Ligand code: TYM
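To begin, one chain is listed below as structure tokens, in the form predicted alone.
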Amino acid sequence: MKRLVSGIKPTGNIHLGNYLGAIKNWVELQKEYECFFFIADLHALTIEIDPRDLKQQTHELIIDLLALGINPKKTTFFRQSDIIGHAELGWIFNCLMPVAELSRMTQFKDESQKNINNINAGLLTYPSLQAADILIYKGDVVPVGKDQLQHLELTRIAARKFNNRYKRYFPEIKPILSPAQRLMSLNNSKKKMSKSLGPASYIAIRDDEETVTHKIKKAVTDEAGVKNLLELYSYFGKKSKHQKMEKAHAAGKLMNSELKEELTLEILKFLKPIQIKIANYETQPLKIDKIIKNGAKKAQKIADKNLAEIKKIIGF
């Protein structure tokens, strides 16, 4: 089986945009690939985050991913910071990557504008560590959205630069594009659903019934906003009902209140069993700890083997 590698930062609750854009796809890909899924807590340090929040959010993210269908019996599931080698290989790639390549990255520009008082070196070298996350396991494929292709290309560049300077070692990474379209914010139809826009912009998988109902009720209903709500319904609602509402919208007869009511019902129906699983996992901290430690042991064994080969190649 080909090896697939991907990670997610513990910087807030998982929302429906995260689920449809990445995690739903991860769950399906477990059937086809040898999967390595990790909590990218080293990447989380590029923003100012309280240590207590980082620890709590990491714990909750592990539980959320398990509740959504990540199966530790089928995948290698671990914390990035538990694996000695990610940061070390990231440094090796730092010494191969031109600063010009790193500074032109859209994410670096965007994050620098958002955090003008915290433009740290980690933001610049983020893609080198990201390349190391994938290549330390000699990954073959990475699931990405279209907006992440630039970062994946930098991983391919890092692999080529290493292979050209030393010897061919890393495989050519290929993307697996997520089938889900980009969901827009509930309160701003011109921007992507994102935690950075505040809780009103997204529905988190831990949101209770009252919160979900309130957020959808307050969602914007300009033309783009209605299309976004219809798209959300297409993922969670009945196909026949969605087609009916699409036709009504095209004819100018769709009642926004009806759309919001139907969408609320379907999302709550989707969230209920997941939240029951989350509550169950929350009562089993020892089980969660065992799952993540076992995943780290599996990942470390492979990382150690590959890093030893890499070090020998570069002359250490």
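All figures in this text were calculated on a predicted structure; none of them were measured in a lab. Note that residue numbering begins at 1 and tracks the sequence as displayed.
Keep in mind the form predicted in complex with the named molecule is missing from the figure; the text below concerns it.
- Asp147 belongs to the set of residues with a heavy atom inside 4.5 Å of the named molecule in the model of the complex.
- Among residues of the shown chain, Arg206 is not one whose heavy atoms approach the named molecule to within 4.5 Å in the model of the complex.
- In the model of the complex, no heavy atom of Ser128 sits within 4.5 Å of the named molecule.
- Mapping the unseen interface onto this chain, Ile134 counts among the residues with a heavy atom inside 4.5 Å of the named molecule in the model of the complex.
- Contact with the named molecule in the model of the complex, defined as a heavy atom within 4.5 Å, holds for exactly one of Lys138, His242, Arg156, Lys192, namely Lys192.
- Among the residues Ile291, Leu29, Leu66, Ala40, the one placing a heavy atom within 4.5 Å of the named molecule in the model of the complex is Ala40.
- Three-residue candidate spot Lys24, Lys238 and Leu265; no residue lies within 4.5 angstroms of the named molecule in the model of the complex by any non-hydrogen atom.
- Residues of just one listed stretch (270-278, 48-56, 252-260, 32-40) have heavy atoms within 4.5 Å of the named molecule in the model of the complex: 32-40.
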